[in-house]
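This document opens with one chain alone, in structure tokens, the form predicted alone.
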Amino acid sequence: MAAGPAGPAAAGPTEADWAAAVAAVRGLPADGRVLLICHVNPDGDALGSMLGFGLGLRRLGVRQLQATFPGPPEVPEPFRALPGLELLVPAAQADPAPDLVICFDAASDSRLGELADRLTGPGTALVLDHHASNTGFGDVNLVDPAAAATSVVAEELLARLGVTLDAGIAECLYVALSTDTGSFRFDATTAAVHEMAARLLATGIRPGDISRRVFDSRPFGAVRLFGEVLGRARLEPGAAAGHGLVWTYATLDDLARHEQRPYVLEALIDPVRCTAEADVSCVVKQTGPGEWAVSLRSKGATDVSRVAVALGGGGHRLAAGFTGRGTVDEVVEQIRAELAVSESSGGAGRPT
């Protein structure tokens, strides 16, 4: 029964927000129905946070529980061993009027596709997220831009609900935490992140096995595809006020030629962002005719979230994305233009 956006995230959840979230879960009737939703094309943080929290709800005795995401009901290969996958249902089978809907890792309801209407139903809408660009679209919003991953917020809420971590919950949250911190390499990796990882590892999960599945396993066709796509990368040293831009793109024809699923392209940003001469890196991935999923990264000199928000997306200062439309050249030109706007205004970007 969300009434609409309540404003962007600021300093993070207040004690009143946490109390409202706990009350929303604790106040479920004995036969209460819960629907968990994460964003389209779910990544490790979205799936891991959602499934880990779902397993926690099971420990609380919630039985009428579904988890879902918009679009084709296909879980990317690296996440097909996650505990809790039995909770997943296709979007078309998701409860149309749950008593409680909980949204994970989505900065706006536009990322929920055909499931966005669940937020305006008769039940309470609870949002867990860590994107600074979050629009506050739930009835209760637990949005912490200082959190390294949505799983940080999920773990805190589970603790406040009195849920003790077990290996299943911990594996889901560990996958979420490790993917959004780049295997604990990104600037968001704080002492608190390592403390959380230690709590998760204390349940007995095996980080080596998890990392091999999530980060170090790739079909040979994907290896060949990466080589081709990286071979067309372009470096523009003068872009982003001289900090440099490197970009490349992948088409649906590329995927078909190498017989690969779209999820394999999610890891492509990592070898692109290694380019020493560029602060900003970009991968443009075709999702349909004239439609592209754009991933943006910065090493620190540029706030790529301002670019993404200006182009209809969202994210963080160092990692963001949006959906582009037109030709790949038109999409990249939009990025160049927004980088120039952001720099010329002292990093403030356009009002959003």
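Numbers for residues come from their place in the sequence shown, where the first is 1. These numbers were taken from a predicted model, which means no experiment stands behind them.
One more form of this protein, predicted together with a small molecule, exists but is not displayed; see below.
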Check your understanding: Is there a non-hydrogen atom of T323 within 4.5 angstroms of a non-hydrogen atom of the small molecule in the model of the complex?
Key -> yes
Review point. Do S295 and the small molecule share at least one heavy atom pair within 4.5 Å in the model of the complex?
Key: yes
Review point. Is the gap between D279 and the small molecule in the model of the complex 4.5 Å or less for some heavy atom pair?
Key: no
Check your understanding: Using heavy atoms and a 4.5 Å limit, would one call E266 a contact residue for the small molecule in the model of the complex?
Key -> yes
Point to revise | Contact assignment for the small molecule in the model of the complex, among A310, A319, L65, V284, heavy atom within 4.5 Å | key: A319
**Study point:** Proximity to the small molecule in the model of the complex (heavy atom, within 4.5 Å), stretch among 65 to 73, 295 to 303, 47 to 55, 24 to 32
**Key:** 295 to 303
